[in-house]
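First, one chain by itself: the form predicted alone, in structure tokens.
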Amino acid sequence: MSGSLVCVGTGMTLGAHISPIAKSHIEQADIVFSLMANGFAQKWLEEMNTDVRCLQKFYLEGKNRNITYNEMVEAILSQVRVGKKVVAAFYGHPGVFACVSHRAIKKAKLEELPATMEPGISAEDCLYADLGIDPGKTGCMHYETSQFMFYKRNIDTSAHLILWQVALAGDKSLGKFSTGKAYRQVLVDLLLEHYPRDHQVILYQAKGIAIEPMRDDKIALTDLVDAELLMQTTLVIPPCGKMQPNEAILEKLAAIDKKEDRIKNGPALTLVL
């Protein structure tokens, strides 16, 4: 019998965000591997399937996360190879800040094993709803915080800048669960090249349980150094400037509009008496 892998997302809020197809995959799987946000979510998952195996045991403080992720992938695929119908369930969206799912699917396909992904409600989806941000209004830039620090990235201060995993700012070891104030100061100094010192930023955390509040603490940018940051904290930096018109492009588009209007309306008719 051929095994298979489906990576599903259970959403951010326990029990409220899971899709019918994700729930069906979990219930019908031979084995479910899980990476949940908390013990409540793990117990909830275990009510849907009798063989749920938690992947959290692979995490250790100081252990390189690439090693951890590869061990998780191997645990998942070892069961697919022996013919099991396997589901890997991740909180949020299984393809957003969840490299285990991408690695597992890629490796499964290289081994010609069936592997697919079903989407889930991510922290980004919740962020737009909770903070009232429409990404279509001024645009949003999304970066993983350390990557944003390690590489030269363009910053448009007329759009929202959203930095994920801010608690890990500046970590190159891939073995820490958080970094200290000195690392955060480097991040703040980088941001101060573009934003005022008193610019109000938001520390955001989506609800993991329906009865708990989401976090939307508003602080000055310079206060980020001393703020309480958790693994799931996201830094949201609202715009501080206005969008600047691209006059050259606008002129080109106006010329096209004018030309199309002439074609549409046709040549003017001259009335001969």
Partner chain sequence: MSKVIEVLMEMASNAEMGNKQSLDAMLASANITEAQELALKTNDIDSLKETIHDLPQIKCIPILLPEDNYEEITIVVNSEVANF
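Residue numbers count along the first chain shown, from 1. All values derive from a computational prediction rather than experimental measurement.
Keep in mind that the form predicted together with the partner chain is missing from the display, and what follows is about it.
Asks: Is residue 162 close enough to touch the partner chain in the predicted bound form, meaning at least one heavy atom pair within 4.5 Å?
Replies: No - in the predicted bound form, heavy atoms of residue 162 and the partner chain never come within 4.5 Å of each other.
Asks: Quick one: is residue 237 in contact with the partner chain in the predicted bound form, heavy atoms, 4.5 Å cut-off?
Replies: Flag for residue 237 set to no.
Asks: Although the partner isn't part of this model, could you tell me whether residue 157 comes within 4.5 Å of the partner chain in the predicted bound form, counting any heavy atom of the residue?
Replies: Answer no; every heavy atom of residue 157 is more than 4.5 Å from the partner chain in the predicted bound form.
Asks: Taking the shortest heavy atom distance, is residue 219 within 4.5 Å of the partner chain in the predicted bound form?
Replies: Because no heavy atom of residue 219 falls inside 4.5 Å of the partner chain in the predicted bound form, the answer is no.
Asks: For the chain shown here without its partner, which stretch in 119-127, 134-142, 193-201, 166-174 has non-hydrogen atoms within 4.5 angstroms of the partner chain in the predicted bound form?
Replies: Going through the listed ranges, the match is 166-174.
Asks: Can you name the residues of 207-234 that have a non-hydrogen atom within 4.5 angstroms of the partner chain in the predicted bound form?
Replies: Those in contact are 209, 210, 211, 212, 231, 232.
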